[in-house]
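First, one chain by itself in structure tokens, the form predicted alone.
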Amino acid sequence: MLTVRAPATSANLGSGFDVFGVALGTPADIVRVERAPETTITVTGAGSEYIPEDPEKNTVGAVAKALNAPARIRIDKGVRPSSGLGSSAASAAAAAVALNALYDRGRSREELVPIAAEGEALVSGEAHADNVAPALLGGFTVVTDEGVTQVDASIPVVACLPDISVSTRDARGVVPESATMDDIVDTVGNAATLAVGMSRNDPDLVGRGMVDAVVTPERTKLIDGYDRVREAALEAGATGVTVSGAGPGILAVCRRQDQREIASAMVDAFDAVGVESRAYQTAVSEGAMLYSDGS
């Protein structure tokens, strides 16, 4: 038996739509695999009742098929589905690492990115790698048609997850089909600022670079209380706040000493609009970790 822990991730980061992603220290999925004549899947944990166990309908099943690696697969969900924290990507990345090792397929982590992304297509309708890349590689990732660029980073963040759901398909449906040249120029500048901030582990630069006037404003309309939560986080010391992935999770970048106050402020702000939530005080961290013998 092999066991892999794969982290939650946050994609887009405001200005990097479908390009940027980061791995988070918590929460995470745990996936255990054993060789078998055919693939079977069992799912437990957060939101498991909403996740199909049919290999033809599960991201992990798609990964097993792509690697030609049938297995008995057990998924313990720590990352809730429809959270904006890369739930399906965590499972897909963990399965890719585990099955690659179980069958000695010899694929590098970079080579596993498109394989795990194919599993993501079952959820979003398209094979996007902005969540699976950081889940596999860790740190901060930049995904383009030419490949993935990765930078190790350890920026402190608070990921606040409200008790509401926003599906990736619905969130993609509100993305504008066009943007003004002014907005494009601003977004490019902000994205460049964010990338420099990640390379320097500078939360001020990263926060400044998260501003986006194209996609984020449309997605915030799907999240009850977003504006109130954002303002509360900024007042508590966050250097930047944006929607995590497709939402409804909200990501606040900060300095470590401000995390607790920011987390409390975000939860209180959601509570003020009648929405329960949970805040993870974490940081940009490592990617999927492989263990053997079920340890």
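Numbers follow the displayed sequence, beginning with 1. Nothing here was measured: the structure is a model prediction, and the numbers come from that model.
As for the form predicted together with a small molecule, it is not shown, yet the points below apply to it.
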| query | finding |
| --- | --- |
| Residue stretch of 63-71, 263-271, 241-249, 222-230 approaching the small molecule in the predicted bound form, non-hydrogen atom distance within 4.5 Å | 241-249 |
| Contact residue in the predicted bound form, chosen from V206, L112, V157, L85 - any heavy atom within 4.5 Å of the small molecule | L85 |
| N12 within 4.5 Å of the small molecule in the predicted bound form, heavy atoms | yes |
| Close approach of Y280 to the small molecule in the predicted bound form, 4.5 Å, heavy atom | no |
| Partner proximity in the predicted bound form: E286 to the small molecule, non-hydrogen atom cutoff 4.5 Å | no |
| R107, heavy atom within 4.5 angstroms of the small molecule in the predicted bound form | no |
